[in-house]
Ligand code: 8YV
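A single chain comes next, written as structure tokens; it is the form predicted alone.
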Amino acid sequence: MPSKPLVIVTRRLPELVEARMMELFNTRLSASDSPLDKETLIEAVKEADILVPTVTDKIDSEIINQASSKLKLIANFGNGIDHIDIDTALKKKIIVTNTPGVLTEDTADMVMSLLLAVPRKIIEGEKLIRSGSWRGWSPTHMMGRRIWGKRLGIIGMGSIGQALARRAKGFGLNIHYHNRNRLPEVIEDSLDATFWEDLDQMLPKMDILSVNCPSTPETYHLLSRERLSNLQAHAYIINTSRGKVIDEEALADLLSQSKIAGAGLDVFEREPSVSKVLLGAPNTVLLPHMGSATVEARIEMGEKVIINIQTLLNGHRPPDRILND
């Protein structure tokens, strides 16, 4: 690999990150902040020594199989890797890295924001003020639901799930969770968390549900229509992980029929497209995938990308290398 490899970046990154990459590598930055089409991505993998994609770039087997032998690293700007065909990359001896451990606190903050906003109708109230139609306080107006003392079910108790549990405990929520593996007893005790091995047993007993698991073939539509139908009518759903974990059409239908009380969603099944039924569903807060959108997080993500690239150039294994299970 040349001393200054060609690094192709698919989207605009924070200016500090772009400047540092220009200093260290032969970097080709994105001229616009629009996702690259498939043809452009194919040309990129044919030219690049290192590709820096984001979650908006689907790097499938067709693209990877057309990569030249020069391409040694796909340094993903982001933690999620479900948009990259890892198996095909590894077969072609292309290393894939991500940026773990950066988004934990920011995403947990976003979950708590939605967890407060949806039951208390905060966005609806803000819109009422701006519309100019508010006529003053009323005893029965804009009544939401108290979260203190409610049961919060967390699906996926990794670093983000645990960070959420720490915050939620301070708001008086009772913590419950479903995870592939049970947490050590010392962590459960510190969070006052109740483990449910069977997700189907947990769901009907929760007042609020937060989805914090990764998108994998096993978690695709983990919250299916059947499972969503087993939630209590007063239950709320928060999703900041990946849209494909929830059957979005089923969720929209159940919200519209008042069989689920509300939802706060930062991710969607077919981003950036959002179901028209979901757009019209009552008591929903819909955000444009902004859970990690803090200056600090995005700069730290860029720093991790740079470290992974520089470590490879120095002849060592990148610290955030993705391996097959």
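A residue's number is simply how far along the shown sequence it sits, counting from 1. Worth saying up front: this structure is predicted, and the values here are computed from it rather than measured.
The next section is about a form of this same protein that is not shown, the form predicted together with 2-keto-D-gluconic acid (8YV).
**Q** Is F77 near 2-keto-D-gluconic acid (8YV)? Define near as a heavy atom within 4.5 Å, in the predicted complex.
**A** Result yes; F77 sits at the interface with 2-keto-D-gluconic acid (8YV) in the predicted complex.
**Q** With heavy atoms only and a cut-off of 4.5 Å, decide whether H289 touches 2-keto-D-gluconic acid (8YV) in the predicted complex.
**A** The answer is yes: H289 has a heavy atom within 4.5 Å of 2-keto-D-gluconic acid (8YV).
**Q** If you check in the predicted complex, is T54 within 4.5 Å of 2-keto-D-gluconic acid (8YV), heavy atoms only?
**A** Looking in the predicted complex, residue contacts with 2-keto-D-gluconic acid (8YV) include T54, since a heavy atom lies within 4.5 Å.
**Q** Would I309 show up as a contact with 2-keto-D-gluconic acid (8YV) in the predicted complex if we use heavy atoms at 4.5 Å?
**A** Contact check for I309: no, nothing within 4.5 Å of 2-keto-D-gluconic acid (8YV) in the predicted complex.
**Q** Which of 77-85, 181-189, 210-218, 114-122 has heavy atoms within 4.5 Å of 2-keto-D-gluconic acid (8YV) in the predicted complex?
**A** Result for this chain: 77-85.
**Q** Since exactly one of K150, K72, R242, H176 fits, which has a heavy atom within 4.5 Å of 2-keto-D-gluconic acid (8YV) in the predicted complex?
**A** None of the other options qualify; the answer is R242.
**Q** Which pick from M157, L103, I238, V96 sits with a heavy atom within 4.5 Å of 2-keto-D-gluconic acid (8YV) in the predicted complex?
**A** Of the listed residues, the single hit is L103.
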